[in-house]
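One chain comes next, on its own, written as structure tokens: the form predicted on its own.
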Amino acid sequence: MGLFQRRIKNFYGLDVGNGAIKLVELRQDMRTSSVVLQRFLIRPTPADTVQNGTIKNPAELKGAIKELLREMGARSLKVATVLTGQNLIVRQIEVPRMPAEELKKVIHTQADHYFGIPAEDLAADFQVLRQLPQNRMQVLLVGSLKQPIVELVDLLQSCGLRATRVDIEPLAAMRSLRWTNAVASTVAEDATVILDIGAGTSNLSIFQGDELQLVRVIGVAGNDFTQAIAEGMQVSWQEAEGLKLRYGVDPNSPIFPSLRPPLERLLRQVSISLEFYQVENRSQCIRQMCVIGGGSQLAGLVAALSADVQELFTRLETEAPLVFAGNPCTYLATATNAQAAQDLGPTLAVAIGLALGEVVASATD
């Protein structure tokens, strides 16, 4: 049978965000296990169709996704997907050792206790992290409201897309960055922060080693900067977007007085999250903070984050983490449009991580 095994496999990741829809195709040579970014598309999400992980205008979003599929030259695809911006509840629990099916029943019957969401309204998953003494185990629980996920899967199916996996943004982001070595591996005791700055929300997640510890959705992102410029400079949204891309967060620019309030809100929320985690986990060191997403490419933003984080950790009398921009396309082989992939890599990070999840799943089948 091995003689007839497919030598090439294609895997797809679809990231539906507030500001953009990203679709990537990874191609794996099964003989060498090498993975190449074959194709990618980024198109604007129609205005007001997706808001903080909820689909507001299904018909218009469906039209945009079907057009994306046509541009990819396919009538149907199997995709791993995510609906970014949705609030996730992440918890680690200790329970007696039990089979997976039994644990599913426990989570279902105690959904209110673990998540504060009735079982019928909950989408939840779990991962056994480690076996503990006295016949117990440590488990990572992730939960969110079910309805937005069901709506997304149904909408994709109506477009000709079958969702093989609905992942969560932090895991897809970390997979993309770790797999491509855009984020260095750390020892199990050290922590890594991933800050994904999108259009509508910014997602901050903290990992201890490779284990997800904390997820926070911050309601300040790229659109807030654009809106502040539009109002402060009395210009249209399109002009404000152009000014934002031209000047970034340069303190000497004419737009900075307008940008300062949302920038300070973002820095404050990031600082609060990091301080909370570090104070609660004094034995762990936050070694690195990787910034991705379309908003991460705003000139001067990573430097502003780095300076603010340095000030925080100086106050905490702890060594500050390295803050840097993350780009999986710097390290991922690309079949075409290599420069465009490099330029857009921070925006594609989650979509690449979604497709890589399918690569990993295929290898274990």
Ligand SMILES: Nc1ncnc2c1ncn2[C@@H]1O[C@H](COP(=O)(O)OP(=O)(O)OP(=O)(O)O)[C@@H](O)[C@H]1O
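Predicted, not measured: the structure shown is a model, and the values here were computed from it. Quick note: we count residues from 1 along the sequence shown, nothing fancier.
Form predicted in complex with the named molecule: not shown, discussed below.
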### Query
Heavy atom to heavy atom, is Ala199 within 4.5 Å of the named molecule in the predicted complex?
yes
### Message
Please determine whether Glu211 contacts the named molecule in the predicted complex, using a 4.5 Å cut-off between heavy atoms.
### Response
no
### Message
At 4.5 Å between heavy atoms, is Glu241 in contact with the named molecule in the predicted complex?
### Response
yes
### Message
I'd like to check something about Gly19: if you look in the predicted complex, is any of its heavy atoms closer than or equal to 4.5 Å to a heavy atom of the named molecule?
### Response
yes
### Query
Based on heavy atom distances of at most 4.5 Å to the named molecule in the predicted complex, which listed stretch, 219 to 227, 171 to 179, 255 to 263, 126 to 134, is the contact stretch?
219 to 227
### Query
With the named molecule left out of view, which of Thr81, Thr192, Ser144, Thr84 would have a heavy atom within 4.5 Å of it in the predicted complex?
Thr84
### Query
Considering Leu61, Ala304, Leu332, Leu298, which brings a non-hydrogen atom within 4.5 Å of the named molecule in the predicted complex?
Leu298
### Task
Output the sequence-ordered list of residues from 322 to 347 with at least one heavy atom within 4.5 Å of the named molecule in the predicted complex.
Thr347
